[in-house]
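Consider the single chain below, provided in structure tokens and representing the form predicted on its own.
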Amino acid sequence: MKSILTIKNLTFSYDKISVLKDISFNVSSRKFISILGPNGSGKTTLLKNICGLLKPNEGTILLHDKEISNLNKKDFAKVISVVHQYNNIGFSFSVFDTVLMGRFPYINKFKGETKKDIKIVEEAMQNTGVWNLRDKDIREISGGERQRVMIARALVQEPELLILDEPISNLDVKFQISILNLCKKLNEKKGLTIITTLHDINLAARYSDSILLLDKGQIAAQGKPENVLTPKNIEDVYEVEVEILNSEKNGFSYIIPQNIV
């Protein structure tokens, strides 16, 4: 399957502190990829490099075989949309207008939004379950609702690749499952390629086609969840002994922490 994103020998440092070291991997179209690793392993920094918010010291990032540094903002936004970890919104806009902002790559500033733009916004809000919130102030809805609004705003960019940085952090279990179910639905039904960082190893194993496991800024393992999330890899990276249990009910494997190494 053709790669939508290719990372080659990416290295990044904050001042003289090395954060990412010789990172290389491909992301195939229509796949759900999770990036795992302990705090400080470089997960968010890697996403920021992919999004162009940070510039690597060495290496290349190719989007459809074109270096992302050569793409203008509008062309980039038509292929990649991003939902950041923290969505503290200080402005007073309706939920509908917040989502509509995602159409900026397509809207002519002299003509404004079209009927097509409005239709795309409504469809994205219906798919994410926030259409009923359209007239509410974005600051007055819950954290889980706001996260779904931000995903809707990303979807109206009509991207090929959706990048999410810790989309379920600080959410209760119900909203964690709701957000990941939504992402998997978009991945399977809409063909949307997804890259997300996660802390929950079990949820990553359940939803991902492939996992990239980072440790101290380097790739410790990558591939299918069952090949990456082994007791040895988890012990080496997280310094925790685990037991892996297989559920006969749903076919999922569950990783149970045992002892700190």
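Treat the numbers as computed from the prediction; the structure is a model and nothing was measured. Numbers for residues come from their place in the sequence shown, where the first is 1.
Just so it is clear, the following notes concern the form predicted together with a small molecule, a form of the same protein that is not shown.
(message) Under a 4.5 angstroms heavy atom criterion, identify the one residue in N127, S94, T114, Q85 near the small molecule in the predicted bound form.
(response) Answer to the contact question: Q85.
(request) Report the residue, out of D75, E166, D137, E122, that has at least one non-hydrogen atom within 4.5 angstroms of the small molecule in the predicted bound form. (result) In short, E166.
(request) Although the small molecule is absent from this view, report whether G59 comes within 4.5 Å of it in the predicted bound form, heavy atoms only. (result) Looking in the predicted bound form, residue contacts with the small molecule do not include G59, since no heavy atom lies within 4.5 Å.
(request) With heavy atoms only and a cut-off of 4.5 Å, decide whether G42 touches the small molecule in the predicted bound form. (result) Yes, contact at 4.5 Å.
(message) How about F252 - does it come within 4.5 Å of the small molecule in the predicted bound form, if we only consider non-hydrogen atoms?
(response) Although the small molecule is absent here, F252 would stay clear of it in the predicted bound form, with no heavy atoms inside 4.5 Å.
(request) Mark G52 yes when one of its heavy atoms lies within 4.5 Å of a heavy atom of the small molecule in the predicted bound form, and no otherwise. (result) No, G52 is distant from the partner.
(message) Which is the contacting stretch out of 200-208, 62-70, 219-227, 31-39, given heavy atoms within 4.5 Å of the small molecule in the predicted bound form?
(response) That would be 31-39.
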